[in-house]
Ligand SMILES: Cc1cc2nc3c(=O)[nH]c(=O)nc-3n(C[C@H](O)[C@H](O)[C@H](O)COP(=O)(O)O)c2cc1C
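Take a look at this one chain, the form predicted alone, written out in structure tokens.
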């Protein structure tokens, strides 16, 4: 029986938005799924587990215009320890930018890995405004695309989906600025402190 392995490549996987996206995917997926967080210590065990699955879904956020080091380090291990039968790889990526196209380079990085190492490449969902969209009325837009991704992955299709909040850049910047100011206040950090380069020292 075919199964889908879901790997969360977020550096803060247990408390990440990626985990929330993976949960929605599993909710609407009719195939059996198994979810795993990638950590520094479980690379080899995940490589071993992978041989039980016909499909792999990588769920992760955009970091510095690319894939996060958590996922990058795992892919290096996977390159040296591939499963006997390689699963089809799909991607669900989110970024804090309004434009979903900001995710393109990171998706191309995964696609290149697949091409170099002989993994079939499946579907992609690129989510813009990923830090916020699930906590707004636009949540339904993200859910619709995740449902479409789920169907595509199950059918073995090669489709690309994208979604973002239908806001102008000006409105998005205004709303996101307000969000981060409120977030800072909850943690006793002022707007001026957030604007400095030494915020980690505060």
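Positions refer to the first chain, counted from 1. Owing to the predicted nature of the structure, the values given are computational and were not obtained by experimental measurement.
The form predicted in complex with the ligand exists for this protein as well; it is not shown, and the discussion that follows is about that form.
- Of the stretches 49 to 57, 62 to 70, 34 to 42, 158 to 166, only 62 to 70 has residues with a heavy atom within 4.5 Å of the ligand in the predicted bound form.
- Across the proposed site, 10, 96 and 131 without exception bring a heavy atom within 4.5 Å of the ligand in the predicted bound form.
- Along 12 to 36, a non-hydrogen atom within 4.5 Å of the ligand in the predicted bound form is carried by 12, 16, 17, 18, in order along the sequence.
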